[in-house]
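Taking the form predicted on its own, here's one chain by itself in structure tokens.
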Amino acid sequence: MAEQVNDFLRRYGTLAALGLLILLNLLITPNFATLQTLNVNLTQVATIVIVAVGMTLVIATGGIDLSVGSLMAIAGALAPMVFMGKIVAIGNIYVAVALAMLVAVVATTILGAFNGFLIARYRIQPIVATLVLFIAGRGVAQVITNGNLQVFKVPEFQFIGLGRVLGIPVQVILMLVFVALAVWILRRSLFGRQLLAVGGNEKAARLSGISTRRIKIAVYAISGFLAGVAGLVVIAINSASDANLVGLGMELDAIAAVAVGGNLLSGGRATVFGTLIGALTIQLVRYTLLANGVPDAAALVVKAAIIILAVWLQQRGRAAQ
């Protein structure tokens, strides 16, 4: 019986917690069952989930990526420089916006791949390798902007953060698309099976013919790409880019979503759907507390307690296997 309970908690604990939170809010939180409330929670969690999808793939290989927040800042710094014509004047605003987005995500993808290269080629521990860009990346963003706040009003660009398609916020659509793609990668693709093999037993994966270097570089590049997209969404929502604030603390939120979602932080197993549920659970806990008059500082303490509980449940589930 105890083993069955442990297995249930490991598999469905976060989903059950989310269900209980929804039920609790229906009972105690005024105006919870409204489209406005749903919209608020989904838009607030969208960028976290986008980054956490990449973090899930990285952690599945046994790694970690502390640089995602700084990469968001770099993307947020680069894009306005392009579409506002600070680098070179571009007559067509649609071309300027498309180029700005391309430059931003290509840059963060390359920097993400650089993280992977350090880890795969020189066997630097992931927490150390990504700490380099965690520290230096935000400095790069500040250099790009000369430390200035970039304020803009460009609807063609801001659509990515403020626009809607059939009433659904664009950032929520992006979140769902990236979740769906990552689920397909892990469940259906050869690349997904290989990255899980690397996380499960790297030496065995290498002996079986898997290019572990290629896999590691690829997952960190994907993480960088998704961080870049999230950075663009954030500055589009805010109508401004502040290198000091964009992506600040995002790496911790993404790791928390992965952990609460039931992913093994040691690698070898991954559930992107679990990451989505984990992020939604953390967001809903914070919303519940704030909506019922609990200070935000207390909400942060509760979030930390949830992470500890999630890791404890993981350990119990593994011990019961």
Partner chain sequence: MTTPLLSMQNISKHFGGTPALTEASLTVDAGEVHALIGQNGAGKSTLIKILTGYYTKDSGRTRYQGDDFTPASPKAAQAAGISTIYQEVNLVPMLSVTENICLGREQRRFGLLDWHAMQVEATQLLARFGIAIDMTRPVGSYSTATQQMIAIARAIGFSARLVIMDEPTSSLDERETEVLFQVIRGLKSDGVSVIFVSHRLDELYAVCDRVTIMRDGRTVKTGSMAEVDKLELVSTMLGRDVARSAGRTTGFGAPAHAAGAVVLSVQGLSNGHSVKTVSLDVRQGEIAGLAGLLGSGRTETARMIFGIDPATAGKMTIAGAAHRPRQPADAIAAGLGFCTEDRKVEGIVPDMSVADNMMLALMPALSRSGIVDEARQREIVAGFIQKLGIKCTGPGQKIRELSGGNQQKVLLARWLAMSPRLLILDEPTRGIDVGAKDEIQRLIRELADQGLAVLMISSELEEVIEGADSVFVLRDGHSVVHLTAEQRSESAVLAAMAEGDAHG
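Since the structure is predicted, the reported quantities are computational estimates derived from the model, not experimental observations. Positions refer to the first chain, counted from 1.
Below, we turn to the form predicted together with the partner chain, even though it does not appear here.
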TODO: Considering the partner chain in the predicted bound form, find the one stretch among 168-176, 129-137, 201-209, 241-249 with heavy atoms no farther than 4.5 Å from it.
DONE: 201-209
Open item on the list: Can you work out which of R121, R187, K86, R164 has a heavy atom no more than 4.5 Å from the partner chain in the predicted bound form?
Closed with: R187
Task: The unique member of A96, L196, A218, V183 whose heavy atoms fall within 4.5 Å of the partner chain in the predicted bound form - done: L196
TODO: Report yes if any heavy atom of G62 sits within 4.5 Å of a heavy atom of the partner chain in the predicted bound form; otherwise report no.
DONE: no
- [ ] Look up in the predicted bound form whether L284 has a non-hydrogen atom within 4.5 angstroms of the partner chain, and give yes or no.
- [x] no
Open item on the list: Please determine whether L264 contacts the partner chain in the predicted bound form, using a 4.5 Å cut-off between heavy atoms.
Closed with: yes
Open item on the list: Do any residues of 257-272 have a non-hydrogen atom within 4.5 angstroms of the partner chain in the predicted bound form? If so, which ones, in sequence order?
Closed with: L264, G268, R269
